[in-house]
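Only one chain comes next, encoded as structure tokens, the form predicted on its own.
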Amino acid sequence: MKGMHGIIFSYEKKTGLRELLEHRIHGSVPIGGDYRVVDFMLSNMVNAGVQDVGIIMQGKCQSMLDHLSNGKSWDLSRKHGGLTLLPAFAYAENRGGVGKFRGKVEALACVLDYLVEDVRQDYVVLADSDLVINIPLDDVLQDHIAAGADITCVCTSVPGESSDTYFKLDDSGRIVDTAYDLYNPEGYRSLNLYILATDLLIRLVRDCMAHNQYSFRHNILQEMGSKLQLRGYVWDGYAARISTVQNYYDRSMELLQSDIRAELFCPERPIYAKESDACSTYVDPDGECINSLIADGCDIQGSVKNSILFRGVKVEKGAKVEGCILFKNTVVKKDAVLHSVIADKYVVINEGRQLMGHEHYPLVLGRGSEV
């Protein structure tokens, strides 16, 4: 079949998300009041006509399994193909254990039988689950085919962290150098989003594993860069990688800006999420809700400003919430004051408590905490 097959990586890796990953892997981190981070990449694929998606998981993946279920929310519930969940423990015999993946190539080698037997499409799009972006992947595929590239790497001129991968492009868009861990980052920052032919991917995975090589970035992009036709697709629209508590907070607060919301949630490429059957949110006549994103099922009787509230959050009378991100079923009791706080699910803030973080150092409360 012509078209793309999606592969999303969502396994444990070093991040600075701390308490937010105590009960989940990074792709299932809640964001924007109604979404999980993985919803963005899944929606990008579905909007580009991708009918089959495999998600490689490892670690604390129960939250991800519960969220994705059978893929119905993304129109990926099918008798043949659709959404396929690929937890590492189900393929332990392929790698002699279920320890952490050393890299993307090792993760792909773990599910090599899936790649060989179940990928029906001519091309594969590889993506991480920690990227918040709304990109027309069908345009990227057409550019890939027209250029005759072996691998198309989506990148941006917007700088990021020194640990990111950076490309140098020539005038034709070909990648002439790949580097990472740069002291002074320069070039185009990789978004870890790649398109390549299915048969090439299988060949590269087999070759790398035959030589005990496991890194897509080092062993393929760097070591094979001179042999392969690597091409950069420059995307300068909104793209945010969620990797630390601070950038999670910053990117979440950016969603309060109308221009960024308009770009991320454009009607021609909608972002899909798991359905909710919660009742409508109630805002008390004596309460207030200013410049905030509020999910269904909330009960707001106090003051909420510049904040993001997920389903079932309760803010009692006299309570003040400003610059906060409150996950599902958090309760802020009477006269409590919160500023720059990220509260995971089922957190209870008792009456009269004052929790003061800072926009440059938000306070994080772990799941089920009571303060």
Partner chain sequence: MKKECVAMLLAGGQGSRLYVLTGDMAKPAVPFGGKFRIIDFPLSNCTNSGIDTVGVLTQYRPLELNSYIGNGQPWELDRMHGGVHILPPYQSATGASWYKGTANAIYQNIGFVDLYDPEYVVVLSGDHIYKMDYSDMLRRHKEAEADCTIAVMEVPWDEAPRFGIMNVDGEDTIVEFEEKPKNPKSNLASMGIYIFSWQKMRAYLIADENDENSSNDFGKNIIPNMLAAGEKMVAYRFEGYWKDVGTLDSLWDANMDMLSPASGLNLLDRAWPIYGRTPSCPPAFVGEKSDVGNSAIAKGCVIEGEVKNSVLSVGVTVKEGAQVSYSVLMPGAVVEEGAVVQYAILGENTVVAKGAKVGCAPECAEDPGKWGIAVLGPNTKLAENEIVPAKTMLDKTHQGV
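Because the structure is a prediction, the values reported are computed rather than measured. Residue numbers count along the first chain shown, from 1.
Not on display, but discussed next: the form predicted together with its partner chain.
- The closest heavy atom approach of N291 to its partner chain in the predicted bound form falls within 4.5 Å.
- Its partner chain in the predicted bound form comes within 4.5 Å of no heavy atom belonging to D181.
- A residue is said to contact a partner when one of its heavy atoms sits within 4.5 Å of a partner heavy atom; V283 meets this definition for its partner chain in the predicted bound form.
- Using a 4.5 angstroms limit between non-hydrogen atoms, L221 is distant from its partner chain in the predicted bound form.
- Contact with its partner chain in the predicted bound form, judged as any non-hydrogen atom within 4.5 angstroms, is confined among 260-268, 195-203, 121-129, 226-234 to 260-268.
- A295 is the sole member of L85, A295, V140, L76 with a non-hydrogen atom within 4.5 Å of its partner chain in the predicted bound form.
- The contact with its partner chain in the predicted bound form, taken as any heavy atom within 4.5 Å, belongs to C279 out of A147, V116, C279, V158.
- Contacts between 28-43 and its partner chain, taken as any heavy atom within 4.5 Å in the predicted bound form, involve G32, G33, D34, Y35.
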